[in-house]
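Shown next are two forms of a single protein chain, provided one at a time as structure tokens under the names structure 1 and structure 2.
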Structure 1
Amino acid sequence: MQYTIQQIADALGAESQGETGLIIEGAAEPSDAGPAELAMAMSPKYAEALSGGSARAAVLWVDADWKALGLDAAIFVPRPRMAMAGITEMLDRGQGVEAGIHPSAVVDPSAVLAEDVAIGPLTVIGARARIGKGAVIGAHCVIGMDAVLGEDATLREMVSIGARAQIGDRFIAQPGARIGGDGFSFVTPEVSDVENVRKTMGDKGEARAQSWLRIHSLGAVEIGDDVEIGSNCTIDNGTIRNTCIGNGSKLDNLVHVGHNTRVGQDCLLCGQTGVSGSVEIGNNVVLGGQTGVVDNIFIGDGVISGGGTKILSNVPAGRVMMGYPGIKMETHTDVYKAQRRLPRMARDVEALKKAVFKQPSSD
């Protein structure tokens, strides 16, 4: 995969200078870049490391003095992370899944595969499944019966998609993602201790032994366009209605989405976030790493939670949350500051007590 400096600059809509016909075969950090690699030196801090490598060309900040940095060519970008998105897309070599269907793959005769589909070794595609054109499915994947996978999807190795899942275009799933497992839903013949505790928010009273009966998942998982699912994510089927992930949402590694939950558009669910069942999440919500969300609540549009937040009640649109239990970030910050002052306050109170009790009697 080779591009000239000019081709890369044109794709980014960026300015370039110098030997713009220079051929680039990859990207590297400034100190590691070789002559055929584009050094990612997008700020003066990173450009200092250029002398440690042998790059001839680099991506630089606007108005950088590329000649003084000893370069033969440069691309100038006003927003580095946006440039990173374009450059990495151009230079991504993929996972090497060859076009066509690998001989070891098992494809049900009733499945419908569009043109230009690539199916890796030992993949299994179930009855009546439909795979859109340009999809790339890695080794050891499983796509269940009646599932639909849209155009230009990419499934890394060992992804499983359960029966009846409906997935849009340009879907990306990282290794080990599990979509469409049954929801964690059980019931006892009589009212359980868990239900009593939830109702009373207190002691459960006398313990009663009961067995749990399974509630089956009749719903499936519905995923929109341009969604990405990280490694070892789990998204459960709905009980009756589908569990839904909206267009453009991205789930980091080890995220769990419970049954019946609906995630809106363009949300970010960061690593190890756990969302319980029947949660309604609005659009453009960001849940930081290890956020926990209790079941049967709503989270409004544009909400942001800091890492480790535990959301135990409804959150209105636009709020920034932090802590356990999750409260407004500014309130949590005040509480944290006060908590840090507690040892000093305790010492001050102890000193005041000693001073008061040592005062001579007024009699």
Structure 2
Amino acid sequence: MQYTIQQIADALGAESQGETGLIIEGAAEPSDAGPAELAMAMSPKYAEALSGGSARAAVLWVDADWKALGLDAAIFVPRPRMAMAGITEMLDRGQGVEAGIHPSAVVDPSAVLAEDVAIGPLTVIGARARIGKGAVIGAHCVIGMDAVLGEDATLREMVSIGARAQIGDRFIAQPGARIGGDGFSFVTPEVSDVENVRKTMGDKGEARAQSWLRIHSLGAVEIGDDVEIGSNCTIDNGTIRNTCIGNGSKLDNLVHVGHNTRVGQDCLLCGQTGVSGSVEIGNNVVLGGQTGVVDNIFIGDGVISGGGTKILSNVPAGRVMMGYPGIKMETHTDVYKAQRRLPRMARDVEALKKAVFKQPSSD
């Protein structure tokens, strides 16, 4: 993969200067960059390290003095992370899945595959599954019966997609992602301890030990366009309706989405976030790493949660959340500051009691 500085700048819609015919074969950090690598030096702080490498060209901030940095060519970008999107897309060397269907793949004769799909070794495609054009499916994937995969899908190795899943265009799944396991749904013949505790917030009542009966998942998983699912994620089938992930939403590694839950559009669910069953999540929601969400609540549009937040009740649109139980981030910050002063406050209260009530400290 080779591009000139000019080609990269054009793709980014960015200005370039110097030897714009210079050939670039990859990207690197400023201190590691070789002469055929484009150094990522989008701020003066990073540019300092250029002298430690041997880059001839770099991506710089607007109005940077590229000549003073000893470069032969430069590209200037106003929003560095946006430029990263374009540059890394161009220079991605991929995983090397070869064109065509690998002879070791096991494709059911009733499956319908677009002509140009690339299917890796030992991948299994079930009965009546349909895979759209442009799909690149890695080794060791399993696509269940009657599943539908839209155009231009990219599946890394060992992705599994359950029967009847419906997935839109430009889907990306990282290694080990699990779409369409059965939901975790059980019931006891009589009212259980857990049901009592939920009603009373703490009282188990008189319920006795019982065994669990399984509620099967008749629904499947439905995923919109432009969705990405991280490594070893799990998205469960719905019970009666489908579990849904909206257009443009991205799930990080080891994220869990329970049965019946509906995630809106353009959401980010960061690493190890867990969403229980039957949750309604709006659009443009960002849940920080290790966020937890209890079942049967809603989270409004534009909600943001900090890492580790445990959301235990409905959250109105636009709220920024933090803590366990999750509360408004501002309130959390106030409570947290007061907590840090608690041991001192406890001493103050004891002193006050002594002074006011003439009583001895109880601790």
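The term rigid core refers to the most C-alpha atoms you can superpose between the two forms while keeping them within 1.5 Å. Start at 1 and count along the sequence of structure 1; that gives the residue numbers used here. Remember, it's a predicted structure, so these values are computed and weren't measured experimentally.
The form predicted together with a further copy of the same chain corresponds to structure 2; structure 1 is the other form. With the core superposed, Arg340 shows a C-alpha displacement below 2 Å between the two structures.
The Cα position of Val349 changes by 3.5 Å between the two structures once both are aligned on the rigid core.
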